[in-house]
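Only one chain comes next, encoded as structure tokens, the form predicted alone.
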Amino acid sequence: MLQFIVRRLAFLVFTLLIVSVVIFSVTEVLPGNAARSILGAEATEQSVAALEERLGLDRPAWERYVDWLFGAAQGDFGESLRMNVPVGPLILERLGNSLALAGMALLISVPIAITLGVIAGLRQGKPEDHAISVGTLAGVSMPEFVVGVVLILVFASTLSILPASSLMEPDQNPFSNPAILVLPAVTLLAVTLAHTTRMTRASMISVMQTDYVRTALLKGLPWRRVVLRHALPNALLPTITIIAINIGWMIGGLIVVETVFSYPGLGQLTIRAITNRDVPLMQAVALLITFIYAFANLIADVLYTILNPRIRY
């Protein structure tokens, strides 16, 4: 196991290296000029050239990539072109907000999704299965902005029991006012709950038809023990993969949810970086999201061996 983790960490570093090349290359070919975008209407050829020289944008691309890569390896992602602040602390501040929102959604959705998936799998073809399948299919089908707007209309405009906006200061602790997290967390929950439930249901149906489960039942083992000790750990293996992917999606794909609720997280920061063509900020956010995806999948692989000791890497 230790050798596997070391190999995966080395692969993670290699993945980040390849992705860093792709990220830097993409930001290089983006249309427009960063210096001209910063200067706005006051931009002249002389002022643009001076700003490019000050920011180092007039240097060859490979030199800027090497400097950026070595700086990123040391935790220095440069300075935001638009906000004139270090990128590293800015991203960590917004990442904390996104983690608070995503963590709240995960803590609620994962237990509920697994429970619903197990019930639907064990009651295949029964009314409970049909009800859960229809509900989760509706959750998968509706985009996040539709779910968010519906929740705002119902709980903020009609019932007036929750705030319609999650607006706060970026450095404010989100849990100082938990009410602002409820609607965006429920919006995330509706999508992730559906995916996880449907995967758990499909896995549970498949596992319950295996020979070892049938043998356990024929030997007279209690139904509850067969489900919890024999079927569920194996049925959760694909579910863990979905949860790991959802973690990466929640951190990097919160753009729609954070925009709908004006929540100052990593997704909203990404939109600002793209709009302002803030290259250092875009590069750092993309690299961070890649790391989160890769690390979440590493944790999922380790959990495989805990749930099923027969798995060996």
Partner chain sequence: MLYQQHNPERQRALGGITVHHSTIAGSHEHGHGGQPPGEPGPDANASYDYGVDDTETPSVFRQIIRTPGVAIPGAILLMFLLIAVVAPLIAPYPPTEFHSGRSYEGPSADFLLGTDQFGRDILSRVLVGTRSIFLVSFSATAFGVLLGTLVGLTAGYYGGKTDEIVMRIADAVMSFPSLLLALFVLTMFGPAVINVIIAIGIVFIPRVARIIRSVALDIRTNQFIQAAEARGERGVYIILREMLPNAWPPIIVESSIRVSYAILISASLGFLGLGVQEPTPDWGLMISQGRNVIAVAPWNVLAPAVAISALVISTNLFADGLSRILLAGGRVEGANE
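Positions refer to the first chain, counted from 1. All of these numbers come straight from a predicted model, not from anything done at the bench.
Beyond what is shown, the protein has a form predicted together with its partner chain; the following relates to that form.
Visitor: Looking at 89-97, 110-118, 210-218, 180-188, which one sits within 4.5 Å of its partner chain in the predicted bound form if you count heavy atoms only?
Guide: Checking each option against the 4.5 Å cut-off leaves 210-218.
Visitor: Using a 4.5 angstroms cut-off on non-hydrogen atoms, would M199 count as touching its partner chain in the predicted bound form?
Guide: M199 belongs to the contact set for its partner chain.
Visitor: Looking at the partner-bound form in the predicted bound form, is P143 within 4.5 Å of its partner chain by any heavy atom?
Guide: Because a heavy atom of P143 falls inside 4.5 Å of its partner chain in the predicted bound form, the answer is yes.
Visitor: Heavy atom to heavy atom, is V85 within 4.5 Å of its partner chain in the predicted bound form?
Guide: So V85 does not count as contacting its partner chain.
Visitor: Report whether the minimum heavy atom distance between I18 and its partner chain in the predicted bound form is within 4.5 Å.
Guide: Within the cut-off, so yes.
Visitor: Using heavy atoms and a 4.5 Å cut-off, decide whether S157, W249 and A286 all contact its partner chain in the predicted bound form.
Guide: Yes, the whole trio is in contact, each within 4.5 Å by some heavy atom.
Visitor: Between the options L122, M168, I152, A131, which residue brings a heavy atom to within 4.5 Å of its partner chain in the predicted bound form?
Guide: Going through each option in turn, the one that passes is I152.
Visitor: Within 255-280, which residues come within 4.5 Å of its partner chain in the predicted bound form, counting heavy atoms only?
Guide: The stretch touches the partner through I255, V256, T259, V260, T270, I271, I274, R277.
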